[in-house]
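Just one chain is shown here, as structure tokens, and it is the form predicted on its own.
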């Protein structure tokens, strides 16, 4: 069995999850190829049994780069299993609608959705989660992924529940695709900038250029915030959403127990429910996780 996992990752969370998913499938004797959507749609499906698409949720939708990738894929001669992996900073049921458009596009290309998974990872916008929260999120995701992969390989179909009018609501929120491009032109660098041009090199749409000593931000911004999140000098202002900016990588390995949570009541019920459900499942199948990890 061969699986191709095509992923887009703005600041690294989805890549981390997709890589873990790939490793778990390999432990189950599945031949896995990982493809970064940044590199385009030149992928070979000739002997692929399962296609996985992984992305971070943008305004309750898949990012525009993922939608464009799906549109460029050719229709398959044979029906191919599809699984979707998505990440977001909060475990809200509203996030389930994010794959409506993507699923519809891929269905026309003979990819049929059988499995769909959502993993909570720390925000790269809105506010910064504590490293202890990021650690807990990753611990749960990395332990639940092998169980999800085992279910998938065993032929168990898992789909997220959509509520009525999901497609319409997702379509309304898709204005972010247009709005992000408009807002992207308002990006600026401040006096902290040292002209390392890391943002230019890493932008997935080549939207940032540096000419005659100045940075220019074009109209193809995805609002993935890869540039501002990874800026070593925190020098990039992200337009209208600058107050939501998060800068700097999370520490997933060694959380500081004395660190204060600045938004401890934000979506508290949803987080508690997400962790309780998954940690209970992890405990119940601990031996299985050890066996397939």
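For clarity, every value in this text was computed on a predicted model and none was experimentally measured. Numbering follows the first chain given and starts at 1.
The form predicted together with a small molecule is left out here; the points below concern that form.
Partner contact region in the predicted complex: 85 to 93, out of 157 to 165, 203 to 211, 189 to 197, 85 to 93, criterion any non-hydrogen atom within 4.5 Å of the small molecule.
Shown alone here, residue 56 lies within 4.5 Å of the small molecule in the predicted complex, counting heavy atoms only. Using a 4.5 Å cutoff between non-hydrogen atoms, residue 45 does not count as a contact of the small molecule in the predicted complex. Within this chain, residue 124 lines the site of the small molecule in the predicted complex, having a heavy atom no more than 4.5 Å away. In the predicted complex, at least one heavy atom of residue 225 sits within 4.5 Å of the small molecule.
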